[in-house]
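What follows is one chain in structure tokens, specifically the form predicted on its own.
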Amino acid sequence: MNRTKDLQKAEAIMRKNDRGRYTVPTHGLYPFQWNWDSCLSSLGFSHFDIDRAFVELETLFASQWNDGMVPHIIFHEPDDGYFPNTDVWQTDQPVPTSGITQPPVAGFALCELYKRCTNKALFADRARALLVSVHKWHQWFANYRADASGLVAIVHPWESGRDNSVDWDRAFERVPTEGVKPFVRRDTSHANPDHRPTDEQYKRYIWLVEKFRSLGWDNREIAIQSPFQIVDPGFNAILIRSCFAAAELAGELGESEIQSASMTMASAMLSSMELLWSEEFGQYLCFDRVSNEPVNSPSIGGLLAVFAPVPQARIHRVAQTIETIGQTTRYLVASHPSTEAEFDELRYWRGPVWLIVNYMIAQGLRAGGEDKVIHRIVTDSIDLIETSGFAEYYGPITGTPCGGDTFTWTAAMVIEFFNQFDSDLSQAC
């Protein structure tokens, strides 16, 4: 394990994918700005260029919709190398964007950035402006996606970030493909088709986009009419953690109204997370609002739930579940257990390891003192990049690099691991 060499490579990748005011995830495969990619990438920037870290978030929130939503893609520059492009979305925003959102990790990232400022006075006004925007986004979730429990639903698999997870299979059967216009995918020209979502899944992704577009991107109607409405514990955990982080930052900046509202929202959601707990699976499960039943699929979203400050007993049980997963894989944490029939080692979110999720799970396990599992997650993550490069994701058994290479958020997470989990990595050297 070579800390200096790994950090130099990671920073070089982030610089390579820097477009001045935003980063692209990787050249070719993803040529635009992605929401949670940017938020997590800002954490990496913060260790060597704190101003650039703030710029990443500021560029993202410059495209926040009037109703508060922050879209999952911002199309800053024309590029025909990606589908679906602006001609499919047609959201009529000043800078073209997609019409759906992504995991709201921005609040957590912003709070971390401000903590890392050596001269907080220099960045206080920028942090405050971003905090107002983050809070507006959080309120958008409360207004458009929450039910009486306070938990929020996603209306498209892309919103989860886990596009083709096994968690969505049954609900996706309700999404038709009739009427979808012929299209040509571009992702499979940049990456192995066997590592990507299937064409059949893509037809359903596009049906949902076309349905939402037909509703004029009215978020209230979309939340009512989408045949896909899933409460994802990982997504909700990220929102909860970000609300608590927003409250913390608001307290430091003297924004009492944001502090109070954020605490209230986070606390209510955290209590309701218990509705998603499954003792049988030893983790949290998704809930399908349309069929009104839990989704009995033990994917990584239910492990990511520990990113929120869930009870200690739940953290411990999730740690045990992760250890069990690790008995049949070389690298933690598989996005779906290898013992399940649906497991596909190299296909996107149906098996592969993602360093961003490893990072958030490790962050969550800290609260429970699960040092043994944290150590393996962190060292496995670094082993993967040293063995297989800075890929988008990896096979949990073979370590095979998949998706895009020289990936921004993978590089950012390596920088985070070395700076936030240094003792775990020092033990491994």
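This is a predicted model, so every value here is computed, not measured. Numbers for residues come from their place in the sequence shown, where the first is 1.
Form predicted together with ligand GLC: not shown, discussed below.
Contact annotation for E392: at least one heavy atom lies within 4.5 Å of ligand GLC in the predicted complex. Looking at W349, you'd find a heavy atom of it within 4.5 angstroms of ligand GLC in the predicted complex.
At least one heavy atom of D163 is located within 4.5 Å of ligand GLC in the predicted complex. Shown alone here, E56 lies farther than 4.5 Å from ligand GLC in the predicted complex, counting heavy atoms only. Contact with ligand GLC in the predicted complex, defined as a heavy atom within 4.5 Å, is made by all three of Y30, W34 and D37.
Just one listed stretch, out of 305-313, 181-189, 341-349, 279-287, contacts ligand GLC in the predicted complex at the 4.5 Å heavy atom level, and that stretch is 341-349. In summary, among the residues Q229, Q93, Q201, Q102, the only one with a non-hydrogen atom within 4.5 Å of ligand GLC in the predicted complex is Q102. Residues of 384-412 that come within 4.5 Å of ligand GLC in the predicted complex, judged by any heavy atom, are E392, F407, W409 in sequence order.
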